[in-house]
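Form predicted on its own, single chain, as structure tokens, below.
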Amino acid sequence: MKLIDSLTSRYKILTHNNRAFFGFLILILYFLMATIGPHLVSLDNIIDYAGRYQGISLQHWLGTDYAGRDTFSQIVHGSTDVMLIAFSTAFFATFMAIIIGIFSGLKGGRIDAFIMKIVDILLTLPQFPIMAIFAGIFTIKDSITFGILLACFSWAPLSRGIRSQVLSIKNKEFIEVCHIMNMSTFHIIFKELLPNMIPFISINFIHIAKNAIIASVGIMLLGIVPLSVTNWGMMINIATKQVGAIYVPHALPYLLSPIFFIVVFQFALINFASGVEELFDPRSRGR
């Protein structure tokens, strides 16, 4: 019952924030498209050059591509890759940032200084070119591996923020009480430190996912990571680099469809992030 009451109260808080609720609804639709959509919409693999670049119609909701295949079915099946890349990047980057940030903040001294030097180096590097180089060096065959690669260059800003949060919290009275009562480090981290950082971590999780989409699409647009042709980044690459769809007026639905869905997904993440702090932090609800 407590879990149900907690979920109900958070749902009410979410509906109170119109921007966050609107973003939440869009994210739910994207989640359903990525999980259930491929089972409901069959992928059109039949090549029909006579029907290439057809316009939007009841038969082809987003027109057809350069080979006469349905664009909408490609968008639906490609959404799974995009979601996996975005959220696997956010998950692994957040996981790394939490471990490194908390360890650095709690240890302090030379260990903290050494870790922060590494973080500073990563923060000063031009991330996109470095990610593109590594994506070209390593063989990437699936979305999860791609997400892990992007996560390796996405954890540093969050780890510095978490380390700062730990430094500001670890000398608080309730942490001192934990030390006096000889409570374990595990208890201090998971019962005292992390609950106070959930809003901050959640917001950064969303922003990492948002940036991962931009990075992955950019890398695939360059043709460095040739994943599935239904991936939205690969669709843009094929349209602009390989089949010259950008110069064909009738090809606009095929070219603009993945761009539109990427922009809407980014928009939904930004709007949902605006209400995340209010969801987890009661102090922010009266602002």
Partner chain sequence: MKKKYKKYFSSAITIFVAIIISFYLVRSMPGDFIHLRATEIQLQQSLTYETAYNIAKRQYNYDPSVPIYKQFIGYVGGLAHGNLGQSVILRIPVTDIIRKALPWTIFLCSVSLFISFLLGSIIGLFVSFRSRIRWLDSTVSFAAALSQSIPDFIIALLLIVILAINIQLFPLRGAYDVDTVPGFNIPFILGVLYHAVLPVMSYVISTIGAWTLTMKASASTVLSEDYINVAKAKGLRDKRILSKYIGKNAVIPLVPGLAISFAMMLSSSLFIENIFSYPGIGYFFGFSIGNRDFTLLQGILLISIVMIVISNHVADKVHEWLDPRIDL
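Given the structure is predicted, the values throughout are model-derived calculations rather than measurements. Numbering follows the first chain given and starts at 1.
Note that the form predicted together with the partner chain isn't included here; everything after this is about it.
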Candidate stretches 121-129, 193-201, 78-86, 165-173, one within 4.5 Å of the partner chain in the predicted bound form by heavy atom:
121-129
Give a yes/no on whether G218 approaches the partner chain to within 4.5 Å in the predicted bound form, heavy atoms considered.
yes
In the predicted bound form, does L25 have a heavy atom within 4.5 Å of the partner chain?
no
Wondering, does M181 line up within 4.5 Å of the partner chain in the predicted bound form on heavy atoms?
no
Considering non-hydrogen atoms and a 4.5 Å limit, does the partner chain approach T35 in the predicted bound form?
no
Going by heavy atom distances of 4.5 angstroms or less, which of I47, V229, I246, L29 would be at the interface with the partner chain in the predicted bound form?
I246
From first to last in sequence, which residues of 130-155 have any non-hydrogen atom within 4.5 angstroms of the partner chain in the predicted bound form?
I130, A132, I133, F134, G136, I137, F138
